[in-house]
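Next come structure tokens for two forms of one protein chain, structure 1 first, structure 2 second.
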Structure 1
């Protein structure tokens, strides 16, 4: 069995005079989760729609497991589970019937269906709603069913366009948990998202596009190392005002500390190098009863800083 793969080859899409995607090349291979990032209008959804043959490229081609989506949509999409733009299902169908329809169209056997449909409904926390009609559900509940429909056939490739859209914070956390579980089964997950914390949490690699062009694609660790210069920053918050001098004295002499900035009388931002080991050491130096440290958290995720700097550079 070969590894699952997604290839976007010289993919270009123009809507009149507007170029939504400009010769996008991207090759994803193997079981992993790739986050697809970019601001609104960057071309993320356009790329995913081209990848699933919902729209047609001006130039270029897409491949799922080596099969051209544009030339053999039916065969190419057999390996994929797709969720694009919060779709609707026929309102009179129940979640079970909707998933049976997917199972029927995909040729799942009755035995497989019997196993998978309840399991996947359980996975998206919709097991208590299996006999209600889809038309009655809230946006978040519909999105859960859509996620279930993308997963019911146990696909090798999962294409998700902002899957947490419409979900409450608990729902978002559950989507993350579902995606993490999916990674355990050698699936290639290609997920667009606006939520950088979500991408940092579940993705192994990240591709960033802006104005229809790919800015970078690499592993999360490589991206962080390459663009942040190896620096990190944390915000330390104390229970009561602490003089800046007191904080700098405590940290004086630490070779990895690059800077200490007062955000207000109770909060300080520390910049350092050396990763988690240095972070743990700085935490120890500030953790005593006299200072009353109440939190010590990353001030901004490395990915967020990189995202902002790269997008601003492109603009």
Structure 2
């Protein structure tokens, strides 16, 4: 069995004199989650619509598992589950009824539906609302059913267009948790987003575009290492206020420590070189009962800083 794959080849889309995508080349392979980042108007949704044959390219071609979307649409899209721009489901339908309709459109047999629909509702944490009307659901619950509709035929490739946008914090957390679990089934997930914390939380790799051009594509670790000059940063949080002098004294003399910044009286950001070994050593130096260290996590600002610098460079 070959690994799932997505290929965008010289993908170009022009709307009159406006170029939304400009010879975009991108190749994704294997079971993982790839975040598709870019500011509003960068071309993310346009690329996903071209990838799913919702619109036609001016030039170039898209492939799913090596099959051309433009030349063999039905065969190519058989392997994909797609959620773009959150479609509305009839409010009088139950989740089971809605998924029955999608399964019918997918050509699934009654036996396949009987097993698969309960399984996919369990996968999106909606098994307890199987027979409730869709119109009664919160926006987050509706989005989980939309994700279930994309998954009902158990696709190898899942394409999601900003699935957590517009949800409250709880709804966003639920969607992120679902996406993380999707990776356990060796699926290739291609997810556009403008929420950097979401990408950092659930994605293995990231592709950044701006003005229809690809700026970079790599693993999160490689992107951080490349654009941060090989430096890393972690945030140390303490249970109570700790004087900055106390923290700097504990870390004094460490050759790999590049800086210590107080974020507030309980949180400090440490910038260092040397990778995991250096990080472990810094952790040991701060792991003291008198300091009451409660967390020591990679800084969430790293991707944000890289994102902003690359976008500004391209503008």
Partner chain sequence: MAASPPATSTAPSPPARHERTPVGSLEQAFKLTRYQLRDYFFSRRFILMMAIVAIIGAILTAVVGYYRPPAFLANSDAFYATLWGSGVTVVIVFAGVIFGGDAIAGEFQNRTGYFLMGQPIRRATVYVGKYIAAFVAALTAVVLFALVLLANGSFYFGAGAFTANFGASFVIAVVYLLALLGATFMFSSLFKTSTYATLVVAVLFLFGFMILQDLIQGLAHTTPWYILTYADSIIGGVFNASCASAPGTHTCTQPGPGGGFTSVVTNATIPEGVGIMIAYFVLTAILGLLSFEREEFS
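Everything numeric here is computed off the predicted structure, so don't read it as measured data. C-alpha atoms forming the largest set that superposes within 1.5 Å between two forms make up the rigid core. Positions refer to the first chain, counted from 1.
Trainee: Two forms of the same chain here; which is the form predicted in complex with its partner chain?
Mentor: Pick structure 1; the other is not the form predicted in complex with its partner chain.
Trainee: With a threshold of 2 Å on the C-alpha, tell me if residue 20 counts as moved between the two structures once the core is superposed.
Mentor: Shift at residue 20: below 2 Å after core fit.
Trainee: Under a superposition restricted to the rigid core, does residue 185 display a Cα displacement of 2 angstroms or more between the two structures?
Mentor: No, its C-alpha moves less than 2 Å.
Trainee: Verify the C-alpha shift of residue 95 between the two structures: is it 2 Å or more after superposing the core?
Mentor: Residue 95: C-alpha displaced by 2 Å or more between the two structures.
Trainee: How many angstrom apart are the two C-alpha positions of residue 119 between the two structures, if you fit on the rigid core?
Mentor: A shift of 3.0 Å at the C-alpha.
Trainee: Please give the CA displacement of residue 135 between the two structures, in Å, after core superposition.
Mentor: C-alpha shift for residue 135: 5.6 Å.
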